[in-house]
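Presented as structure tokens, the chain that follows is alone, the form predicted alone.
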Amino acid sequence: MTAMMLDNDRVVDFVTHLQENKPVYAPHAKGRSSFVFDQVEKPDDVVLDYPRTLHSIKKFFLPPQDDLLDFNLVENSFTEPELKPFDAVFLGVHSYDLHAVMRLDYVYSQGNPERNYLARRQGAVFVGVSFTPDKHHFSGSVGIGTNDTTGFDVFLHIVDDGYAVEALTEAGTDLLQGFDMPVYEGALPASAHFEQHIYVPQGKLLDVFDHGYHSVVWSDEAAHCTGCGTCNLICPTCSCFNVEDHVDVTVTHGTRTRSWDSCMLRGFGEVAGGEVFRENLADRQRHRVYRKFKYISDETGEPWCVGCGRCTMNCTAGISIVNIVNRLVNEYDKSRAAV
């Protein structure tokens, strides 16, 4: 499709146009160096040139706390909450974060489809924007370039003096109707260079992880890990949760609530009687990384890590998932060479 040119000085007008169609959620500055997705009230608060947000857009479809049902113990009855689709425009989404949403779509649509998540997903329109990788990004290593338009309705490619705007779906074309832009005359830019790399393709990683279960890497990393769970809680593809029933003081009514959980926390693997299935931090660290590159990948053929770099950037112990994987690769290569 023909790309259109959006000059920098018309970005605020563009955001205003989107607001006339649907509610808009976009990155906003938070403090000196952080960014968050939030609903747009003032178009000039939108930030399109940013490294990453603290949390991904997952939080809108899978909130940190989610009421699943209200129940009445006397009447032995329950009601499910009314769910409203996120009929909104998500502006300024990076490619890796939309790939993360698509992975969550898979998780929550398999087996028994998950009502709350799938209901909220309806109606969302995604307007992507390319980005300049920093030292923590490595999405290129998992097949997601800075200009990857997969899943988007509209995509903004960073070019000189503005953005080359592509409408990729019918919904995207409808969204741009009524906002005049000249045709972009140049070639669309290629994906930017990444500083961080996993040096083997996913096909080889499946073999690497087949042989890495008993690696010393896990105990080495566990020696630094504090088990705080930050890596899970800011990951855009983590989908594990805990469910609790909260009963009022009359022991009559209650609410069943789902909350984000972390496999890096000791209590995650604890069952009745006090048994903990992953007592050691090394076992938990291994489980976390295998969930990203092995367990689900065996079924889907693609990594469940999207290379956003959030876990490494926010790790209180400075642990890098890229370094972990590359160490496993080196161990695997040495073992193959010794055969």
Partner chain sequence: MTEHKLMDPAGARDLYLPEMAEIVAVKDLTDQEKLYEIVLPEGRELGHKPGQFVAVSMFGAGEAPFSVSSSPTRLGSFELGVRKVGMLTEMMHRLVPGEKVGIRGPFGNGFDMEALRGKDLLIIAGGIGLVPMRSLINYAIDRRDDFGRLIICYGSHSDAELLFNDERKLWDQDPRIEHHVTVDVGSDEWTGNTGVITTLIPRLELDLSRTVACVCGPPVMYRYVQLALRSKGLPEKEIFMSLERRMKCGVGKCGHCQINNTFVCTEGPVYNGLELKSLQEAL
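All of these numbers come straight from a predicted model, not from anything done at the bench. Numbering follows the first chain given and starts at 1. Just so we're on the same page, rigid core means the largest C-alpha set that superposes within 1.5 Å between forms.
Keep in mind that the form predicted in complex with the partner chain is not shown, yet the notes after this line are about it.
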Report task. Would you check whether the partner chain, in the predicted complex, lies within 4.5 angstroms of a non-hydrogen atom from each of 25, 174 and 190? Result -> no
Query raised in the report: Can you check whether residue 194 is within 4.5 Å of the partner chain in the predicted complex, heavy atom basis?
Result: no
Query raised in the report: So, in the predicted complex, is residue 156 in contact with the partner chain at a 4.5 angstroms heavy atom limit?
Result: no
Query raised in the report: Closest heavy atom of residue 227 to the partner chain in the predicted complex, within 4.5 Å or not?
Result: no
Report task. State yes or no: in the predicted complex, is some non-hydrogen atom of residue 179 no more than 4.5 angstroms from a non-hydrogen atom of the partner chain? Result -> no
Query raised in the report: Which of these residues, 45, 38, 270, 49, gets a heavy atom within 4.5 Å of the partner chain in the predicted complex?
Result: 270
Query raised in the report: Within 4.5 Å of the partner chain in the predicted complex, heavy atoms considered, which of 68, 29, 54, 313?
Result: 68
Query raised in the report: Counting only heavy atoms and a 4.5 Å cutoff, which of 130-138, 253-261, 217-225, 159-167 contacts the partner chain in the predicted complex?
Result: 253-261
Report summary line: Taking the partner chain in the predicted complex and a 4.5 Å non-hydrogen atom cutoff, the residues of 225-258 making contact are 239, 240, 241, 242, 243, 245, 247, 256, 258
Query raised in the report: Rigid core fitted, is the C-alpha displacement of residue 216 between this form and the one not shown 2 Å or more?
Result: no
Query raised in the report: After superposition on the rigid core, does the Cα atom of residue 253 shift by at least 2 Å between this form and the one not shown?
Result: yes
